[in-house]
Ligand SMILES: Cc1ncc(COP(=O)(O)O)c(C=O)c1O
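Let's start with one chain on its own, the form predicted alone, as structure tokens.
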Amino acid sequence: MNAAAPPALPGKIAPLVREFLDTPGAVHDALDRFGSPAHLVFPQVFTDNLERLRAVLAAAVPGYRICYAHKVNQSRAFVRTAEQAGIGIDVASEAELAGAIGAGFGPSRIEVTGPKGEAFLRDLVGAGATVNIDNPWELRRLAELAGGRTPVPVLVRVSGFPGTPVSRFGVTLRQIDEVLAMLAQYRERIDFRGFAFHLDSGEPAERLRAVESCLALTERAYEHGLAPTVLNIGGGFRQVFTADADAFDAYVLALRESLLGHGEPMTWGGNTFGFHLDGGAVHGTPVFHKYANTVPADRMLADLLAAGLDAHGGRTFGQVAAENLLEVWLEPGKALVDHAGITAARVEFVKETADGSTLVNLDVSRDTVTPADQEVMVDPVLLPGAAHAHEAGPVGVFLAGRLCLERDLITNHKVWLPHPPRPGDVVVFPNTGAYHMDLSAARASMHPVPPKLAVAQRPGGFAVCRDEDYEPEAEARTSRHAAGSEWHEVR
């Protein structure tokens, strides 16, 4: 990075998404047709991510299942893509279950996770989906409800592993004997398939300890006359946001210095991003720490499967799973939608504040782009309007949202744009497909939720349609106007 250049946070962008952004007028045309702001999803990038995970699993274990974690993004296009690809789906509510069935998933490809109440359990009895048990009450109640019907297939989610933070989810290790006894007691009503875990941590050692614990529990299950055949390692595989780790580190260093009053101010309203200042130094872990990750999900998975297990003579996890005829299941969400979604918004106006800062107001709110407790540490892409000539730059700005609330700052850190923006320009936020689009979208001030659009590359250009109209089969058609869908070509 040139010494004279301002600090930057270049984001990693999938080649297909970059090609779409570089297509003259493509984003502007989509917003003109469907409205601004808008979320755009790229099912073909989802498929690319899936194939990388499949390749890792196929090389390491003879049996596996990938279940797309539906909660990461409510896009129907992603769900239909997962169904068409032949993988499973992980649902965590009645609505997600209905959405999966509506998208074509049969019961044998559906796994139900998360905490479940009485009404949901009643719906699951006889449904044929695999139920990932969160606690002993769920297991007992499911067995009682099953009665003389077809046994309910279940996995038991385990938590409380050594060296792992306390979780609100899962059966603790000290409850395992109670659960194994129930599984043996209700073997005519419950089809026990194996153990599961899910860790939010990206720390490899924690995940490996969880694997070893579940393998040990599998052996204990054999002693109870049970025959588990699955080890579900959950999700939590990280995304890679940054395209330049050195540039990211340089920006964070400059940000830390600015908090100490050195160099150009880079924060809005005294925000410290989770850092704390003490004794003339900056300490702590920032709220944006996930943006520093450089290990892609497929490598993280490959490293786990290739890790040696001390309790098994140093044989790898993959080898032990194969020797014990265990299928390895996983529930990726973030990893499958990594780089497969962007959010586009228009510049409404630019203003200067009392302290001389430049605010760029957009027609989108912070809660539509990222959870309120995080910070988007990836530079947005600025796409000028057709009539706007490029002016001298770069310029340091803060991006402001459309809500009439002081907290609605989309970036509390200074962003350097390549040139001053003007009303009508488009700002694109990369890699918003994982949770950002759906988890905390605000309806304050009666602003509507942005539409979700599906983008597909076709011979000779791109086509954009509403998310609910997307069908994977359409990718093989020469017609751009499949029945029941409204496609808009961008060339």
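Bear in mind the structure is a predicted one, so any value in this text is a computation, not a measurement. Heads up: residue numbers just count along the shown sequence, starting at 1.
Same protein, other form: the form predicted together with the ligand, not shown, and the subject of what follows.
*Asks:* Picking from 69-77, 407-415, 357-365, 214-222, which part of the chain touches the ligand in the predicted bound form when contact means heavy atoms within 4.5 Å?
*Replies:* That would be 69-77.
*Asks:* Check each of Pro332, Gly88, Gly401, Gly170 and return the one that places a heavy atom within 4.5 angstroms of the ligand in the predicted bound form.
*Replies:* By the 4.5 Å criterion, the partner-contacting residue is Pro332.
*Asks:* Have a look at Gly318, Gly236, Gly194, Pro380 for me and say which one sits with a heavy atom within 4.5 Å of the ligand in the predicted bound form.
*Replies:* So the residue touching the ligand in the predicted bound form, by this definition, is Gly236.
*Asks:* Would Tyr435 count as touching the ligand in the predicted bound form under a 4.5 Å heavy atom rule?
*Replies:* Flag for Tyr435 set to yes.
*Asks:* Does Thr113 reach the ligand in the predicted bound form if we count a contact as any heavy atom within 4.5 Å?
*Replies:* Taking the distances in the predicted bound form, the answer for Thr113 is yes, it comes within 4.5 Å of the ligand.
*Asks:* Do His339 and the ligand share at least one heavy atom pair within 4.5 Å in the predicted bound form?
*Replies:* Close contact is absent here: in the predicted bound form, His339 is far from the ligand, nothing within 4.5 Å, heavy atoms only.
*Asks:* Residue-level contact is defined here as any heavy atom of the residue lying within 4.5 Å of the ligand in the predicted bound form; does His198 satisfy this criterion?
*Replies:* Within the cut-off, so yes.
*Asks:* Scan 179-195 and note down the residues that get a heavy atom within 4.5 Å of the ligand in the predicted bound form; none is a fine answer too.
*Replies:* Contacts from 179-195: none.
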